[in-house]
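The chain that follows stands alone, in the form predicted on its own, written as structure tokens.
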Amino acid sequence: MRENILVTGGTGALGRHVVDRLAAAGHPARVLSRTRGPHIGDLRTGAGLGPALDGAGTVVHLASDPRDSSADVEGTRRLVTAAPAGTYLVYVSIVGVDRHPLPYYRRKYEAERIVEDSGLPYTILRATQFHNLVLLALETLAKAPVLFVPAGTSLQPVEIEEVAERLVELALGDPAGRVPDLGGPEIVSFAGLARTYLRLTGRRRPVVPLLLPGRVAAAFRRGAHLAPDHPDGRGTFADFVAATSGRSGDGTRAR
């Protein structure tokens, strides 16, 4: 177990849970931030990484940006270059990045390889899509009078706090290379998730599957992003939406 933990992306949705859980376990972490002290640093430029890494025995690398390739590939390269020899690196990735053509997934896969080739002790955890991201997508799609969803596509959403729990366990343990994937407890069609969302939020929309063209859509239909052998998560998407919306499992308002 290594003391003095630095978390990149520690102010994000996953990072906040990781930082809180580390503190609860008696291991308060440093948080690398571009704007908030005391550990100000920028993975996009490398500024401030040296001081932030000074004395850190473990780095939990969560910083990521689907819109900006520099946050994942170049940022990871800068991080491993600046990290002192022997620094233990824990990296969170996404299930299927090695077999999916989505550009963001390919960048995550390249970042994985940078970690593996860094010479640093490391652990890589791949997880499926988070409940909150699926919910955000459905909230956006439901703004239209008809809720269109990708046809033939299923998801295996996982609770973000469970991913944080696993990352903390890995950060406080020994380097293990690439560990088994962490998937949600259920594989559900996108249309099924949409209907669950509508029922539990009391909304009415027709759900219409659309067959989308292209290699990315085909990979999603193939299930390249799923971990059917690792349905290890506990909380379901219905549990999450019910808790978020304040409704019970049958869609009525919880008291």
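Remember, it's a predicted structure, so these values are computed and weren't measured experimentally. Numbers for residues come from their place in the sequence shown, where the first is 1.
This next part talks about the form predicted together with a small molecule, which is not shown.
- Query: Looking in the predicted complex, any heavy atom of Arg166 within 4.5 Å of the small molecule?
  - Reply: Taking the distances in the predicted complex, the answer for Arg166 is no, it never comes within 4.5 Å of the small molecule.
- Phe148, heavy atom within 4.5 angstroms of the small molecule in the predicted complex: No, no contact at 4.5 Å.
- Proximity of Leu200 to the small molecule in the predicted complex, heavy atoms at 4.5 Å: Although the small molecule is absent here, Leu200 would stay clear of it in the predicted complex, with no heavy atoms inside 4.5 Å.
- Message: Considering non-hydrogen atoms and a 4.5 Å limit, does the small molecule approach Arg215 in the predicted complex?
- Response: Taking the distances in the predicted complex, the answer for Arg215 is no, it never comes within 4.5 Å of the small molecule.
- Message: Check for me whether the small molecule, as it appears in the predicted complex, comes within 4.5 angstroms of all of Val60, Ala85 and Val115 - heavy atoms only.
- Response: Judged in the predicted complex, none of Val60, Ala85 and Val115 sits within 4.5 Å of the small molecule.
- Item | Interface stretch in the predicted complex with the small molecule - options 191-199, 38-46, 22-30, 221-229, non-hydrogen atom within 4.5 Å | Residues of 38-46 come within 4.5 Å of the partner.
- Among Leu89, Leu155, Val92, Leu138, which has at least one heavy atom within 4.5 Å of the small molecule in the predicted complex? After the contact test, the surviving option is Val92.
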